[in-house]
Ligand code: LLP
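Take a look at this one chain, the form predicted alone, written out in structure tokens.
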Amino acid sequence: MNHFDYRGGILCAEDVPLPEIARAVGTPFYCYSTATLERHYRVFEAAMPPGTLVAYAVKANGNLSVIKTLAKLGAGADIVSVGELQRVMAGGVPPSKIVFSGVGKKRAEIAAALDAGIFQFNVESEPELDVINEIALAKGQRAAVALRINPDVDARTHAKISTGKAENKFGIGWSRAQAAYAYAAKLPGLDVAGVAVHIGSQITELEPFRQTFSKVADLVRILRAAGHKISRVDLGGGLGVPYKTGMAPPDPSSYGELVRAAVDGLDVQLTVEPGRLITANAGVLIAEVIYVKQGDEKAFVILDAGMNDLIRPAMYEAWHDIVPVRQPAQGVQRRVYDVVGPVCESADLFARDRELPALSAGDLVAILSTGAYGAVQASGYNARPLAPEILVRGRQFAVTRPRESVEETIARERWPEWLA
């Protein structure tokens, strides 16, 4: 569910007509709905067992206002860098609710997280155990860790967002799990508290989760039998969202039932890490049609948004529904277009052979479900300034990240002395 719908023939974000925002900030821009963010978080939290730490996966959308909106609801945070650590703390997430994941934590990042007093590190290799142990001992601390285990389960999702197969870089191999825990238990700077797992993103069926959670529960029992005091389980995230009209991924209640069954009787502090599920359908990217171009074989709608603003279609062949901001009249002519941007790459394509109402230069369109992995993956390619981000609440809207000017991007750079 989201809060973007037509009112009086105009697409609105909650109670704000999107053309009103376009007039104020120009295009392209990202727009997020507070009501959608809040609803998605509450529905997901309610589906989890009582006491679950819902650690929002900040990599999905690191906008400070999004983080603060979720923090006010009680969300924790799953982070993968010291930059995200600083962001979530600035956004009001208590360190006691922060989980530090990621395969390449640097020493300075580990030290900063220890100084902050985070909930736990999700450790992805034996060398990382050694480094955390060394830094914790130097600080006179014991670092709470969960070992992220790679269960070798196919998440049945896109290869670039699958993280739980043996061929992936993530986690400690299943065959080495027990040995890794035995090794970690000998390191005096570590409190080996839990088991962690995450098998991928945009997972649209429950069976991969069922296989994974069953293996995790079995591992907890094996480790406890070997004398390890396992008190925490982190099941990661990955539940998919409906990007395309008609898609029906499992809902949070069905996922929650599976989670409850998996941890039943384990008596553990549970952590889950939703990201996309919270933010994807809470955001849209608004763009203006620059030209409609007729080629020899195809018609092209050329937008002022490009792959630098939204890279998911180019990187993941991702589908996003695209709709005109002005509601088309009943029976309006429809045409088949390739919807593209102005970037000098053939990969700068939002939709191929997409049937849409006939469009003209100056029309506004909304690329839907772009609240996750949209603005956060944007770049300044082709010297294109980053698009602004807007947060709507009821009839109000606020610019939460302004559009940079080209002059501002140039001012960040420096001449070397020999070119002065």
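Just so we're clear, the structure is a prediction, and the values are computed from it rather than from any experiment. Numbers follow the displayed sequence, beginning with 1.
Same protein, other form: the form predicted together with the ligand, not shown, and the subject of what follows.
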### Message
Tyr32 versus the ligand, in the model of the complex: is there a non-hydrogen atom within 4.5 Å?
### Response
no
### Message
Would you classify Tyr316 as touching the ligand in the model of the complex, given a 4.5 Å non-hydrogen atom cut-off?
### Response
yes
### Task
Although the ligand is absent from this view, report whether Pro274 comes within 4.5 Å of it in the model of the complex, heavy atoms only.
yes
### Query
Should Arg393 be counted as a contact of the ligand in the model of the complex, where contact means heavy atoms within 4.5 Å?
no
### Summary
Interface check vs the ligand in the model of the complex: of Ser201, Gln120, Thr212, Asn150, the one with a heavy atom inside 4.5 Å is Ser201
### Query
Considering Ala375, Val54, Ala57, Leu70, which brings a non-hydrogen atom within 4.5 Å of the ligand in the model of the complex?
Ala57
#### Entry: Stretch in contact in the model of the complex with the ligand, which is absent here, among 112 to 120, 230 to 238, 345 to 353, 139 to 147 (heavy atoms within 4.5 Å)
230 to 238
### Task
Look at the candidate spot formed by Asp78, Ser101 and Arg312 and say whether the ligand comes within 4.5 Å of a heavy atom in all three of them in the model of the complex.
yes
